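Read the single chain below, which is given as structure tokens and is the form predicted on its own.
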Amino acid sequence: MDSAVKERLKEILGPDGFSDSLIDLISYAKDASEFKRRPDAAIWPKTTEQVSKVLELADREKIPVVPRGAGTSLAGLAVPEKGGLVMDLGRMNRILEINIVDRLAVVQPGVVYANLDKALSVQGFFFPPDPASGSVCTLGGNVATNAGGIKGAKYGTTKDYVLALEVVLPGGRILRTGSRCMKSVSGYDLTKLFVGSEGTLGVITEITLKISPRPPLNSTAMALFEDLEDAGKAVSDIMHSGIIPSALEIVDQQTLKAINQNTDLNLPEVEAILVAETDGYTKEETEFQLDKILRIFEKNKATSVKRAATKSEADALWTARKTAYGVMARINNNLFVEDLAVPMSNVSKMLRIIADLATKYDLKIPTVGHAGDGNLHPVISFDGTDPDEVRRVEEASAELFEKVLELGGTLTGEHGIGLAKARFMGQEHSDLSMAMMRAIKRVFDPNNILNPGKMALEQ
């Protein structure tokens, strides 16, 4: 990047909006994934107009631009694979409007999920997707990845709540999509095209979200299963019972062993634990739902069922699920947090396949997941300095996703493709599908400056 371009960026963004210092370049060389690549510079726009001017310059000079939120991506979405500029949108962090009458919120992309949740909570509303990184992740990143979370089975993912967007396109054009209406079928749905596009089509600068009343009550229970298939059958039975739990999470035996080896929780090392939560507006409503789930647990041979009587007891039942990631990070030097989804009827089959792959490739692959929508997170812990172990991880990952697709599954339920799964895209999507995606990319970004290298869109 030549000095004239750098000076122009400083003019657009101000002296505090541009950096090419080594410490910043190292900081922006990675996200929460295992991928690394230094950018040529980092920038911090504060307005849509600044984003527009930057993209006009970048498109003309053919400089890659990687939009970035909090950098919590586990798939390498915010890694500048081709160098160029990392555009940190964290300073565009205002909640512009909360409109309870119209049931919507308008936010900038740098608003942290938890901050919006706090602002909505005082008015009895919430934005339901609830990603695990909600305390730090930004809403722009949520939209770019179509983020989900533990409440996905009942409340869906980010795409179900995005009503309208303001997006800056390469060349600096500013596009507005969607409307403030709860329903609109006017023209092509360009809004949904940008949701999950991983920053490859445009830079999101304003988001209009549908919000929902927050159910004030919930009930929680945990069941232990000595047999993985029994746990899987319980999940299937629950999800077609007429009851839709607000959360239904699974923790496998390898995760329980890892937790016990790294904490003093002394959890039972059964083949699977299921944690279920129901919510509603009356105690009778939530208890009725949970009673039905408990009967299904018992019918499917749960060896133990615990029902929380208080909030502290509910928090204790969630301990195994909520401590899992932190514990897994201690097992070895490196961590691939995979993200796959299969039809709910195949959850137990997928868990068994993961366990078999761990044995076959001599790897530790503890798994947790959102059983209520078939979204599992196998976590491959390994030593990146050991070439043989790295080879086994790569082979295990390739076979894992081959098996996922054989079961009618998908490469990612909520983390995105990014760099981590770009090589598998052609296995899930036909040649025609890939050709159409690449054609769409060329329409919006003919010079391929936006987040290049992601989603196998350049081939």
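Every value quoted in this text rests on a predicted model; they were computed, and no experiment measured them. Counting begins at 1, following the sequence as shown.
Beyond what is shown, the protein has a form predicted together with a further copy of the same chain; the following relates to that form.
Undergrad: Taking Val342, Asn375 and Leu411 as the candidate spot, are all three within 4.5 angstroms of a further copy of the same chain in the predicted bound form by heavy atoms?
TA: Yes: each residue has a heavy atom within 4.5 Å of the partner.
Undergrad: Identify which of Thr157, Ser246, Ser381, Ser133 has a heavy atom within 4.5 Å of a further copy of the same chain in the predicted bound form; exactly one of them does.
TA: When a further copy of the same chain is considered in the predicted bound form, the option within 4.5 Å is Thr157.
Undergrad: Pick from Glu298, Asp315, Glu284, Asp388: which residue has any heavy atom within 4.5 angstroms of a further copy of the same chain in the predicted bound form?
TA: After the contact test, the surviving option is Glu284.
Undergrad: Closest heavy atom of Asn146 to a further copy of the same chain in the predicted bound form, within 4.5 Å or not?
TA: Yes, contact at 4.5 Å.
Undergrad: Counting only non-hydrogen atoms and a 4.5 angstroms cut-off, does Phe18 reach a further copy of the same chain in the predicted bound form?
TA: Phe18 lies outside the contact set for a further copy of the same chain.
Undergrad: Looking at the partner-bound form in the predicted bound form, is Pro213 within 4.5 Å of a further copy of the same chain by any heavy atom?
TA: Yes, Pro213 sits close enough to a further copy of the same chain in the predicted bound form that at least one of its heavy atoms falls within 4.5 Å.
Undergrad: State yes or no: in the predicted bound form, is some non-hydrogen atom of Lys46 no more than 4.5 angstroms from a non-hydrogen atom of a further copy of the same chain?
TA: No, Lys46 sits far enough from a further copy of the same chain in the predicted bound form that none of its heavy atoms falls within 4.5 Å.
Undergrad: Hey, of 31 to 39, 388 to 396, 60 to 68, 423 to 431, which bit sits against a further copy of the same chain in the predicted bound form at 4.5 Å between non-hydrogen atoms?
TA: Stretch 423 to 431 is the one.
Undergrad: For the heavy atom contacts within 4.5 Å of a further copy of the same chain in the predicted bound form, list the residues of 427 to 453 involved, in sequence order.
TA: Heavy-atom contacts to a further copy of the same chain in the predicted bound form: Glu428, His429, Leu432, Ser433, Met436, Met437, Ala439, Ile440, Lys441, Val443, Phe444.
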